[in-house]
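So this first bit is one chain, no partners, the form predicted on its own, shown in structure tokens.
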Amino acid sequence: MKRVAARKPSTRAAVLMVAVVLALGACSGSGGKKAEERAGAAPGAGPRLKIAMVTHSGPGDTFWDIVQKGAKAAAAKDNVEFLYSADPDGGKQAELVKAAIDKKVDGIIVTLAKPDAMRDALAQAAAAKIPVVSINSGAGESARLGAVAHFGQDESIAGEAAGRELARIGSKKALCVIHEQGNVGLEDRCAGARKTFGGDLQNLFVKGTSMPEVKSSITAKLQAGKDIDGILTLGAPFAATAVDAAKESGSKAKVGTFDMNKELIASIKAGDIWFAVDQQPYLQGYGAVDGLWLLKTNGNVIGGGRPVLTGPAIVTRDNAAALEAFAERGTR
């Protein structure tokens, strides 16, 4: 591309430029910097904000470690104090939201896996003029409950992608393992997969807070149904357990899953797990904190009030190696 040579400024113009620079410097030293701080427009140099994230995570779910890494990265960039709490019980999660309101935080990030349980808490946040952003679960209920934005995947569309993958790997009769009863997002995934699978897809409810019970439930189902040739789990830790259950029961069912971690990448490369539907949890945490910071400091609403999709992205043996380094550091 042809470059255009810069013209040297005339002596008079140079004098004027120096004067302008000196004038700006004088303004900065006599109040311009304070004005900038009041506006809070400079990344990492604006007013200190306090943002709380309250999720429905159960103990030991590594998915939420990745979400928190993204959130903490954005918080460090934006000069935000980041607070995290979680409870898989909808009522207790709502109480945690109310505790964040009592702390007079500047913004709250929530998951809406059980939206009805969260209704009153979000109404209290609105009354206290604390903006709320939702992530992960509850895209359909987010705006209705007063959240200004949602970061996550459309669970029905993600489920449809998983159903197509199950069909691609040759499964005809499969299980959709729901590890948390009443979670609308997980049920939407299975319903979406059923639309595109083309075979027989049965829901199997398991107690996700106890991995031994998850394994025994899947094993018993495989032993009772020798013709089951596919298993779809809805979280990475459950996929590894499903593989163990298949081996223990002598089943040749192929396992696919939602979500990723570094162990899952290794399992996909080894051929133990056939695919993963990645919703990019790091992006959900990062985007939510950054979204609230932009709202508080510049009045921006990312997505214009509509859900901001972070997935689905399909990971198979063909592309797993390309993501391995990111998964190893815990951000994919």
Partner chain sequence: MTQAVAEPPVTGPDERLGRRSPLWRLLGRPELGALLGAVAVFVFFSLVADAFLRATSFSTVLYAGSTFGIMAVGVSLLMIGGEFDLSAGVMVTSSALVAALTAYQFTLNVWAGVAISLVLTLALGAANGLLYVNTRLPSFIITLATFFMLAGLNLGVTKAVTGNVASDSVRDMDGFGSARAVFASDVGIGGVQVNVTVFWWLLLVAAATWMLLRTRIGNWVFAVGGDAAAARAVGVPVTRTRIGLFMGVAFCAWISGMHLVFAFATVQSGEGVGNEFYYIICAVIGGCLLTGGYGSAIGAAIGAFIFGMTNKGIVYAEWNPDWFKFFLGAMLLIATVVNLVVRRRVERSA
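Between two forms, the rigid core is the largest collection of C-alphas that superpose within 1.5 Å. Positions refer to the first chain, counted from 1. Because the structure is predicted, anything quoted here is derived from the model rather than measured.
FYI, the form predicted in complex with its partner chain isn't displayed, but the following is about it.
- At a distance of at most 4.5 angstroms from its partner chain in the predicted complex, none of the three residues Q124, Q153 and K296 contributes a non-hydrogen atom.
- Partner proximity in the predicted complex, defined as non-hydrogen atoms within 4.5 angstroms of its partner chain, places exactly one of 286-294, 302-310, 57-65, 273-281 at the interface: 57-65.
- Residue contact with its partner chain in the predicted complex: T241 places a heavy atom within 4.5 Å of it.
- Of the heavy atoms in D120, none are within 4.5 Å of its partner chain in the predicted complex.
- Although the partner is absent here, L204 lies within 4.5 Å of its partner chain in the predicted complex, judged by heavy atoms.
- Shown alone here, S217 lies within 4.5 Å of its partner chain in the predicted complex, counting heavy atoms only.
- Between its partner chain and the residues I169, A191, M211, I101, the one pair within 4.5 Å by heavy atoms in the predicted complex involves M211.
- Site annotation in the predicted complex: the residue of T196, N79, Q223, S85 reaching within 4.5 Å of its partner chain with a heavy atom is Q223.
- When the rigid core is held fixed, the Cα atom of A224 travels 2 angstroms or more between this form and the one not shown.
- When the rigid core is held fixed, the Cα atom of G140 travels less than 2 angstroms between this form and the one not shown.
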